[in-house]
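Presented as structure tokens, the chain that follows is alone, the form predicted alone.
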């Protein structure tokens, strides 16, 4: 058995140091083995200028957010998934880092970019990978990846027990929450969606985020959730090894029963 937490709050747009302080204080309240923070958790989302992105970005394993997360991880023994702006030379990615007590385990670069993101970020090239932490297999997807069933399916086929899903979802919770329940159900995998709250404002543009972070089990049941506007932490206990049994009856297994040869679009 293990504990997993999703952390929900409202990052202030471009207030990097203030957001780092909030993240540090929220992490100090977590008592879990895996903690998931929202997408772009220390920069805010509605960024329109590359120089602003540069000021809020960092290289994997080398930056203020990594240091805050790693300090917490070493002190607590927990693994942390945190969304951030990744800087790679002159290129930026919308990424999520996985950090354990020993340091950086891996980075996922968001593959499905939403809205105006392609004008700022390069689409991810890291693929959907699964990382092992103390015998638990962790997959990562970010926000808009929820719209593509292939994302959760590939991670599950690669052996993920838990899919961590940092998000800045503007879609109503009545849309994405049941979809993520379905992703859990159809893959028999745990999913932890850490969504942000509040609104970003830049000039005449405003984006508001839906909150309602949740953790779902292999049957699609919501094990724990937060409200639409609250800042807080939701923690549940799970047995990640349950996700390795893909059978739902004595004669049926959702992966063994697949027929990939019939799944190609007609030509």
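Positions refer to the first chain, counted from 1. Just so it is clear, the structure is predicted and the values come from calculations on it, not from any experiment.
In what follows, reference is made to the form predicted in complex with a further copy of the same chain, a form of this protein that is not presented.
Just one of 72, 128, 190, 121 comes within 4.5 Å of a further copy of the same chain in the model of the complex, counting any heavy atom, and that one is 128. Screening 103, 135, 77, 115 for any heavy atom within 4.5 Å of a further copy of the same chain in the model of the complex leaves a single hit, 115. Residues 111, 153 and 158 are all found to lie within 4.5 Å of a further copy of the same chain in the model of the complex, as judged by heavy atom distances. Interface membership of residue 252, defined by any non-hydrogen atom within 4.5 Å of a further copy of the same chain in the model of the complex, is confirmed. Taking non-hydrogen atoms only, residue 196 never approaches a further copy of the same chain to within 4.5 angstroms in the model of the complex. Looking at residue 175, you'd find a heavy atom of it within 4.5 angstroms of a further copy of the same chain in the model of the complex. Remark: residue 179 counts among the residues lining a further copy of the same chain in the model of the complex, judged by a heavy atom distance of 4.5 Å or less. Stretch-level contact check against a further copy of the same chain in the model of the complex with heavy atoms at 4.5 Å: of 78 to 86, 93 to 101, 160 to 168, 180 to 188, the positive one is 180 to 188. Annotation for 73 to 103: no interface residues with a further copy of the same chain in the model of the complex [heavy atom within 4.5 Å].
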